[in-house]
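Just the one chain here, laid out as structure tokens, in the form predicted alone.
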């Protein structure tokens, strides 16, 4: 791996950042970790996101980069305090990248899926959830060969997104986006399953392309996606 990225440092990305950095630090698999998010912490995030009171109003990517850099100085950790767009993705997602995509809109998922199709070696792990259920998708390419399907192959809502990438929205439009509707336990489950998929791929034992889960029933269902 040349580069590991976490895109979206909210309820899912914020919780997988520390264990991922700890694993990268101890394993030596990758020495470059990039954190990308254009959002800032608000008081409404305190019930389910990894934040400190002194970080109110601070960009989430910057806050996490500062914390992780203190704990894991052997890793080069840098922040990208903006939403990833068509203009910026080329410089962020390069060959031999691992991407944890923890966003809440289909337009960004399609952007990353389309970009990764053009690469030969890449691992894209997309995690998302509603109130008590969610899914994790894995798009994996090795030497130009797809081992699992792109994010949009089995999901028309990603292939034909009706929402917009936050990078394309005005400040007024961003402020009007609905918030809430999630709980910390579901976020943690999605984060854990995303890390599980990463470990399975790194050990060449990944046998699925998507996992659906429900925290109320305790069930998770892994599906092969080709």
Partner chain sequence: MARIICGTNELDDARWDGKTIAEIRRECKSFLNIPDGARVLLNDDEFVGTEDRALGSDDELEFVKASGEKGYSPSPRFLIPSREEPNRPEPDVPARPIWIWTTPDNDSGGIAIAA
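Numbering follows the first chain given and starts at 1. Just so you know, these numbers come straight off a predicted model, no measurement behind them.
We do not show the form predicted in complex with its partner chain, though everything after this point is about it.
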Contacting member of 95, 130, 82, 114, with respect to its partner chain in the predicted complex [4.5 Å, heavy atom] = 130
Does residue 156 make contact with its partner chain in the predicted complex, using a 4.5 Å heavy atom cut-off?
-> yes
Using heavy atoms and a 4.5 Å limit, would one call residue 182 a contact residue for its partner chain in the predicted complex?
-> yes
With a 4.5 Å heavy atom cut-off, would you call residue 3 a contact of its partner chain in the predicted complex?
-> no
Even though its partner chain is not shown here, does residue 18 get within 4.5 Å of it in the predicted complex, heavy atoms only?
-> no
Within 4.5 Å of its partner chain in the predicted complex: all of 49, 58 and 90, by heavy atom?
-> no
What stretch, of 104-112, 117-125, 138-146, 82-90, brings heavy atoms to within 4.5 Å of its partner chain in the predicted complex?
-> 104-112
